[in-house]
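Read the single chain below, which is given as structure tokens and is the form predicted alone.
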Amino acid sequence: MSMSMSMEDREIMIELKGINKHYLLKQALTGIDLQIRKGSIVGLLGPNGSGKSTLLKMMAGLIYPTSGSIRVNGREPDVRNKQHIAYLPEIDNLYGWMTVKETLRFLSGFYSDWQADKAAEMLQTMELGENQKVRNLSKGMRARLKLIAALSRKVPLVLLDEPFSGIDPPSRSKIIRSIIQEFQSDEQTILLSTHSVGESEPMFDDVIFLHSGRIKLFDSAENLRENFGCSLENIWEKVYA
């Protein structure tokens, strides 16, 4: 993606130093040192169990590190940060008895930064009928609705955990083009975890490869492609072979 300034000139949106996270029987993250600059779309890649969801929840202030420090936009994240962060979890937390329109109206009541015009525009793009009951939507349609909910907020940081899960390839391509078109690098930073590496590749400015709770690779998408001489999808195959 073309940027109005180089990534090196941008301020830091997220900084993690020596992050470790362990649960009773599992070490989820180990020694994470990371700086993510404002105005970038960052791909968070890795197989299931690599720590992607744990890392995103930590940035959202939903869980805390066992040790180490984390700063999001200059402050330690906590539940109060939800007014400045749009977080889309992998789990489905929609109410089945609501219609699509009622769902978006319900969510808009929680956020002063809600953009109703953008939500309406994305309903058209995602080909969702506002009078459809959520319980009658396919998994892919529900995923589209969740994505609309996250992207309709005007916040500096958007965290998307497997947003394309259950969405067919043609729809994924349309949604990805929409994200690129709507993205404003002077106002927003997006972190996106996904298994759809090939289709998502055009979005990414920087890419993090996680493996067993550790950072395997972290660089700009351009440098990674140049250094490995292949696409991010092929790099994935090499890293996790």
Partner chain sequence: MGFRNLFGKEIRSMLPLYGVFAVVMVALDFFILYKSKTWANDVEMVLSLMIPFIFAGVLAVGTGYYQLQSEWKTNSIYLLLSLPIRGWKVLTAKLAAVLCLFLGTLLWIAACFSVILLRSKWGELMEAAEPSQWLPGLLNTAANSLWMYVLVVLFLTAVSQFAFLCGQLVAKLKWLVVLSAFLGAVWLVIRVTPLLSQLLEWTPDIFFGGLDLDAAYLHSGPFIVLLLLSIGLIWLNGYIFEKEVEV
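Rigid core here is just the name for the largest C-alpha set that superposes within 1.5 Å across the two forms. Residue numbers count along the first chain shown, from 1. Bear in mind the structure is a predicted one, so any value in this text is a computation, not a measurement.
What comes next is about the form predicted in complex with its partner chain, which does not appear here.
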ask   = Pick from Lys154, Arg105, Lys118, Arg71: which residue has any heavy atom within 4.5 angstroms of its partner chain in the predicted complex?
value = Arg105
query = Pick from Gln132, Ser165, Gln83, Thr125: which residue has any heavy atom within 4.5 angstroms of its partner chain in the predicted complex?
reply = Gln83
message = Would all three of Tyr23, Lys57 and Ile63 be in contact with its partner chain in the predicted complex, where contact means some heavy atom lies within 4.5 Å?
response = yes
key: Heavy atom of Asn93 within 4.5 Å of its partner chain in the predicted complex   = yes
query = in the predicted complex, does Pro170 have a heavy atom within 4.5 Å of its partner chain?
reply = no
ask   = Counting only non-hydrogen atoms and a 4.5 angstroms cut-off, does Trp114 reach its partner chain in the predicted complex?
value = no
query = Does superposing the core leave Arg75 with a CA shift of 2 Å or more between this form and the one not shown?
reply = no
key: Did Lys118 shift 2 Å or more between this form and the one not shown, C-alpha, core superposed   = no
